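Presented as structure tokens, the chain that follows is alone, the form predicted alone.
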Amino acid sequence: MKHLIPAALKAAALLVLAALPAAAFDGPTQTVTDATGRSVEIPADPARVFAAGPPAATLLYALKPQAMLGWVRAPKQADLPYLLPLTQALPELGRLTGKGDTLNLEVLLAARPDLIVDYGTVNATYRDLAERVQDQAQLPYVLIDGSLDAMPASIRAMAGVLGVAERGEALAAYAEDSFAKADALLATVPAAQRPKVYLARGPEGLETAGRGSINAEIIERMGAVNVAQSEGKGLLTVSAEQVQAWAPDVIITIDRDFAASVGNMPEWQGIPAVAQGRVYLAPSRPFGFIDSPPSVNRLIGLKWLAQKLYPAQAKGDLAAEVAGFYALFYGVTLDDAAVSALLGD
């Protein structure tokens, strides 16, 4: 989750909700307490689940793909080899939270979900949206904390909501092991040797995420210094001159065009990361390793980032790590060629 939908759009959507018949579900129920402290009655084993934004869709896919009604955004053709066949042709339904005016609640309710889940930033604004939609649509709406450090607990919480506790335990254990290995690596790297990092978004590389932002917290979790400072914790636009002043040692980008052209862009010359060839394009199929969205996909991003930030200290076979993660979280088996293509080798 990043930004709420515009107020006018939200108001119009709620009118649509009010005009449609209330949803209902039969069978056993359970009452859960979500990350905002709301007590919500939900189906004990929800079979038709709508994810409010991309982070929630990714977590839902990892935990219970058979319950997905559709995607927030339809996968691209290049994503399909990395997704289970049963999810590849699911429709694009739009989103309740995040950037973009893709909300279509009439389509949503026509699909007859029995639960809405969201996973990301949790605050009073998102709690208010959840309560309004839940009241108008008569659909249970659960919010789960999407912060990186809370991920093991949040995976277990979402798995409990979805009725797949055993599956959730396996993924949560992986998350805990990943954090433990990251901490063990960082214990071998003195603070003075930890790099300054800039996260470059967009084809010009001038959109970034400030310290504390959910979009960049993986950088700080791996012990690096996020050079972007801002008053808020969201995305911001900066100038090339500002990046020059920050002088990052490493640039991580999620934009293929920027990665391909930065070496020839005059305004980026002289920056240590560019001069030393330490500009790295994060893999992005079917979900980004760093962001896009900020969900459980970031767990493999931790391992990839460790190799890029600390090449002398990082151990292990990254290709094998990637193949193992994709098998466990995405349910797909990758051959060596597929892993190589993913990593850009």
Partner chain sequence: MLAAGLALALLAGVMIGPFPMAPGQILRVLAGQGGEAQAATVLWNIRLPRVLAAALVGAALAGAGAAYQTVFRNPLVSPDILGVSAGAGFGAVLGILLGLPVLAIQALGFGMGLAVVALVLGLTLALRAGGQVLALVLCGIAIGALAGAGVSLVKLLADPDDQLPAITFWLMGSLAGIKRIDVALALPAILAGLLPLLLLRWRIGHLALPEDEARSLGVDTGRLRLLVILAATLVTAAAVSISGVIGWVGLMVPHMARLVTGPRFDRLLPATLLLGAGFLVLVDTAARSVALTEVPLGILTAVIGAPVFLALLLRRARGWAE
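Keep in mind the model is a prediction, meaning the values are calculated, not measured. Positions refer to the first chain, counted from 1.
Just so you know, the form predicted in complex with its partner chain exists too; it's not on screen, but the next bit is about it.
Student: Taking its partner chain as it sits in the predicted bound form, is Arg73 in contact with it (heavy atom to heavy atom, 4.5 Å or less)?
Tutor: Yes - in the predicted bound form, heavy atoms of Arg73 and its partner chain come within 4.5 Å of each other.
Student: I'd like to know if Glu267 sits close to its partner chain in the predicted bound form, meaning any non-hydrogen atom pair within 4.5 angstroms.
Tutor: Contact with its partner chain, yes.
Student: Asn123: heavy atom within 4.5 Å of its partner chain in the predicted bound form?
Tutor: Asn123 lies outside the contact set for its partner chain.
Student: Would Trp246 count as touching its partner chain in the predicted bound form under a 4.5 Å heavy atom rule?
Tutor: Because a heavy atom of Trp246 falls inside 4.5 Å of its partner chain in the predicted bound form, the answer is yes.
Student: So, a 4.5 angstroms cut-off on heavy atom distances: do all three of Leu199, Thr253 and Ile300 pass it with respect to its partner chain in the predicted bound form?
Tutor: Not a single residue of the candidate spot has a heavy atom within 4.5 Å of its partner chain in the predicted bound form.
Student: Please tell me which of Val133, Ile155, Ile271, Val117 lies within 4.5 Å of its partner chain in the predicted bound form, judged by heavy atoms.
Tutor: Residue within 4.5 Å of the partner: Ile271.
Student: Which pick from Leu109, Leu90, Leu129, Leu206 sits with a heavy atom within 4.5 Å of its partner chain in the predicted bound form?
Tutor: Of the candidates Leu109, Leu90, Leu129, Leu206, Leu206 is the one lying within 4.5 Å of its partner chain in the predicted bound form.
Student: Within 4.5 Å of its partner chain in the predicted bound form, counting heavy atoms only, one of 236-244, 77-85, 159-167, 145-153 shows up; tell me which.
Tutor: Going by heavy atoms within 4.5 Å, the stretch is 236-244.
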